[in-house]
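For this one, two forms of the same chain are given in C-alpha coordinates, first as structure 1 and then as structure 2.
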Structure 1
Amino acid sequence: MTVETYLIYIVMPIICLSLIFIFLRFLKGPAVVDRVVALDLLITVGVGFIGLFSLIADNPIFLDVAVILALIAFLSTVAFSFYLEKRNKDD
(Lines of atoms letter the chains of each structure in order from A and count residues from 1; the text may use other names and numbers.)
(Lines give C-alpha, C1' and ligand atoms only; values in the text may rest on other atoms or scores of the structure.)
Protein backbone atom coordinates (compact mmCIF):
# COMPACT_ATOMS: atom_id res chain seq x y z
CA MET A 1 0.00 0.00 0.00
CA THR A 2 1.48 3.31 -1.02
CA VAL A 3 1.17 6.52 0.95
CA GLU A 4 -1.20 8.06 -1.57
CA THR A 5 -3.81 5.30 -1.38
CA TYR A 6 -3.59 5.33 2.41
CA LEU A 7 -4.15 9.09 2.48
CA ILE A 8 -7.00 8.98 -0.03
CA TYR A 9 -8.92 6.05 1.46
CA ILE A 10 -8.35 6.45 5.21
CA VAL A 11 -7.23 9.94 6.27
CA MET A 12 -9.35 11.95 3.82
CA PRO A 13 -12.67 10.28 4.85
CA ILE A 14 -11.92 10.98 8.53
CA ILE A 15 -11.50 14.68 7.78
CA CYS A 16 -14.65 14.73 5.61
CA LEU A 17 -16.60 13.12 8.46
CA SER A 18 -15.38 15.75 10.89
CA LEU A 19 -16.36 18.49 8.41
CA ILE A 20 -19.89 17.00 8.38
CA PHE A 21 -20.05 17.03 12.20
CA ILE A 22 -18.94 20.66 12.34
CA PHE A 23 -21.47 21.59 9.65
CA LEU A 24 -24.27 19.96 11.66
CA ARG A 25 -23.33 22.16 14.61
CA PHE A 26 -23.27 25.13 12.23
CA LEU A 27 -26.86 24.39 11.22
CA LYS A 28 -28.03 23.57 14.75
CA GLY A 29 -26.21 26.15 16.91
CA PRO A 30 -28.70 27.86 19.21
CA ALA A 31 -26.89 31.20 19.39
CA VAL A 32 -24.94 33.32 16.91
CA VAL A 33 -21.63 32.75 18.71
CA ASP A 34 -22.04 28.97 18.28
CA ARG A 35 -22.30 29.49 14.54
CA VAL A 36 -19.26 31.79 14.54
CA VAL A 37 -17.16 29.16 16.33
CA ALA A 38 -18.38 26.45 13.95
CA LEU A 39 -17.50 28.65 10.96
CA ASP A 40 -14.04 29.36 12.37
CA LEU A 41 -13.46 25.64 12.94
CA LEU A 42 -14.74 24.87 9.42
CA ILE A 43 -12.14 27.19 7.91
CA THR A 44 -9.39 25.88 10.21
CA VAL A 45 -10.14 22.28 9.21
CA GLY A 46 -10.23 23.51 5.61
CA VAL A 47 -6.60 24.59 6.01
CA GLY A 48 -5.71 21.04 7.05
CA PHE A 49 -7.75 19.66 4.14
CA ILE A 50 -5.79 21.77 1.68
CA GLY A 51 -2.48 20.69 3.25
CA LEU A 52 -3.50 17.05 2.87
CA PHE A 53 -4.67 17.63 -0.71
CA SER A 54 -1.34 19.20 -1.64
CA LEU A 55 0.31 16.08 -0.18
CA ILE A 56 -1.87 13.80 -2.32
CA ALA A 57 -1.56 15.86 -5.49
CA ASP A 58 2.21 16.21 -4.88
CA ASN A 59 1.96 19.89 -5.71
CA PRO A 60 3.15 22.39 -3.08
CA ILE A 61 1.46 25.37 -4.77
CA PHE A 62 -1.77 24.62 -2.84
CA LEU A 63 -0.09 25.60 0.42
CA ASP A 64 -0.31 29.25 -0.68
CA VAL A 65 -4.10 28.93 -0.51
CA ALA A 66 -3.78 27.57 3.02
CA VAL A 67 -1.78 30.64 4.11
CA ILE A 68 -4.50 33.01 2.87
CA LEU A 69 -7.28 30.91 4.42
CA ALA A 70 -5.56 30.88 7.82
CA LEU A 71 -5.37 34.69 7.68
CA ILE A 72 -9.04 35.06 6.73
CA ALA A 73 -10.27 32.73 9.52
CA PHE A 74 -8.71 34.89 12.21
CA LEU A 75 -9.97 38.13 10.67
CA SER A 76 -13.54 36.86 10.32
CA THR A 77 -13.74 35.71 13.96
CA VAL A 78 -12.37 39.02 15.24
CA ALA A 79 -14.79 41.01 13.07
CA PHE A 80 -17.78 38.92 14.16
CA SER A 81 -16.97 39.27 17.85
CA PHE A 82 -16.39 43.01 17.48
CA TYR A 83 -19.75 43.63 15.81
CA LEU A 84 -21.68 41.31 18.12
CA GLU A 85 -20.32 43.15 21.14
CA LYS A 86 -21.08 46.52 19.58
CA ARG A 87 -24.66 45.49 18.77
CA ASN A 88 -25.08 44.33 22.35
CA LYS A 89 -23.95 47.68 23.70
CA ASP A 90 -26.33 49.67 21.51
CA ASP A 91 -29.41 47.87 22.83
Structure 2
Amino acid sequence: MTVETYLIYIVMPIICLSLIFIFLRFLKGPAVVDRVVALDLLITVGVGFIGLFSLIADNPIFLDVAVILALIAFLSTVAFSFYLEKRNKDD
Protein backbone atom coordinates (compact mmCIF):
# COMPACT_ATOMS: atom_id res chain seq x y z
CA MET A 1 0.00 0.00 0.00
CA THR A 2 1.47 3.32 -1.05
CA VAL A 3 1.08 6.54 0.84
CA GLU A 4 -1.35 7.96 -1.73
CA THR A 5 -3.71 4.99 -1.49
CA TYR A 6 -3.51 5.15 2.31
CA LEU A 7 -4.44 8.84 2.20
CA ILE A 8 -7.28 8.32 -0.24
CA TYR A 9 -8.89 5.22 1.25
CA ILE A 10 -8.27 5.63 4.99
CA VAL A 11 -7.51 9.21 5.97
CA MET A 12 -9.90 10.97 3.57
CA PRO A 13 -13.04 9.10 4.80
CA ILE A 14 -12.07 9.76 8.42
CA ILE A 15 -11.78 13.48 7.73
CA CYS A 16 -15.09 13.49 5.84
CA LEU A 17 -16.80 11.69 8.71
CA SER A 18 -15.40 14.16 11.21
CA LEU A 19 -16.64 17.03 9.01
CA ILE A 20 -20.15 15.57 9.13
CA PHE A 21 -20.10 15.23 12.93
CA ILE A 22 -18.72 18.73 13.40
CA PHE A 23 -21.34 20.18 11.05
CA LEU A 24 -24.08 18.44 13.06
CA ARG A 25 -22.68 20.01 16.24
CA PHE A 26 -22.65 23.36 14.45
CA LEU A 27 -26.34 23.01 13.59
CA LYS A 28 -27.42 21.60 16.99
CA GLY A 29 -25.22 23.67 19.26
CA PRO A 30 -27.30 24.83 22.22
CA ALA A 31 -25.35 28.05 22.70
CA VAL A 32 -23.60 30.52 20.44
CA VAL A 33 -20.26 29.62 22.00
CA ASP A 34 -20.72 25.96 21.01
CA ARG A 35 -21.45 26.97 17.45
CA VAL A 36 -18.40 29.21 17.26
CA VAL A 37 -16.16 26.45 18.58
CA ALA A 38 -17.70 24.04 16.06
CA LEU A 39 -17.15 26.55 13.26
CA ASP A 40 -13.53 26.98 14.30
CA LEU A 41 -13.06 23.21 14.36
CA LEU A 42 -14.82 22.93 10.99
CA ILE A 43 -12.39 25.39 9.47
CA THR A 44 -9.43 23.62 11.08
CA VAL A 45 -10.50 20.25 9.70
CA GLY A 46 -11.09 21.97 6.35
CA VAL A 47 -7.50 23.18 6.41
CA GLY A 48 -6.39 19.60 7.03
CA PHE A 49 -8.59 18.44 4.15
CA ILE A 50 -7.05 21.03 1.83
CA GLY A 51 -3.55 19.98 2.92
CA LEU A 52 -4.40 16.34 2.32
CA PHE A 53 -5.81 17.16 -1.09
CA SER A 54 -2.64 19.09 -1.86
CA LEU A 55 -0.60 15.99 -1.07
CA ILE A 56 -2.80 13.73 -3.18
CA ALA A 57 -2.90 16.13 -6.15
CA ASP A 58 0.83 16.86 -5.78
CA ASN A 59 0.12 20.56 -6.16
CA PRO A 60 1.53 22.81 -3.42
CA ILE A 61 -0.50 25.85 -4.55
CA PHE A 62 -3.41 24.63 -2.40
CA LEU A 63 -1.31 25.10 0.71
CA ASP A 64 -1.49 28.87 0.23
CA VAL A 65 -5.27 28.65 0.46
CA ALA A 66 -4.98 26.50 3.59
CA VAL A 67 -2.66 29.00 5.30
CA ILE A 68 -4.96 31.92 4.48
CA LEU A 69 -7.97 29.99 5.77
CA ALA A 70 -6.12 29.11 8.97
CA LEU A 71 -5.21 32.77 9.54
CA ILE A 72 -8.82 33.84 9.02
CA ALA A 73 -10.01 31.17 11.46
CA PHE A 74 -7.48 32.26 14.07
CA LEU A 75 -8.39 35.93 13.76
CA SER A 76 -12.11 35.20 13.93
CA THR A 77 -11.63 33.13 17.09
CA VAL A 78 -9.62 35.91 18.70
CA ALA A 79 -12.25 38.47 17.70
CA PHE A 80 -15.05 36.36 19.12
CA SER A 81 -13.24 35.80 22.41
CA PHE A 82 -12.59 39.55 22.64
CA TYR A 83 -16.32 40.13 22.07
CA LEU A 84 -17.24 37.64 24.80
CA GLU A 85 -14.85 39.26 27.24
CA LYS A 86 -16.25 42.72 26.58
CA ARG A 87 -19.82 41.42 26.81
CA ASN A 88 -19.16 39.84 30.21
CA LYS A 89 -17.63 43.06 31.55
CA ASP A 90 -20.69 45.06 30.50
CA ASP A 91 -23.10 42.76 32.39
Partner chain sequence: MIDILIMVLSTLGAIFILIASIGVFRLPDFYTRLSVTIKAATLGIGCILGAAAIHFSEFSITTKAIAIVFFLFITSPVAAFLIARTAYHTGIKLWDKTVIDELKDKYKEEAEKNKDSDKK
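The term rigid core refers to the maximal set of C-alpha atoms that superpose within 1.5 Å between the two forms. What you see is a predicted model; the values in this text were computed from it and never measured. Residue 1 is the first residue of structure 1, and the numbers go on in sequence order from there.
The first of the two structures is the form predicted together with its partner chain. If you fit the rigid core between structures 1 and 2, you'll see the Cα of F23 move by less than 2 angstroms. The two forms, fitted on their core, place the C-alpha of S81 2.7 Å apart, compared between structures 1 and 2.
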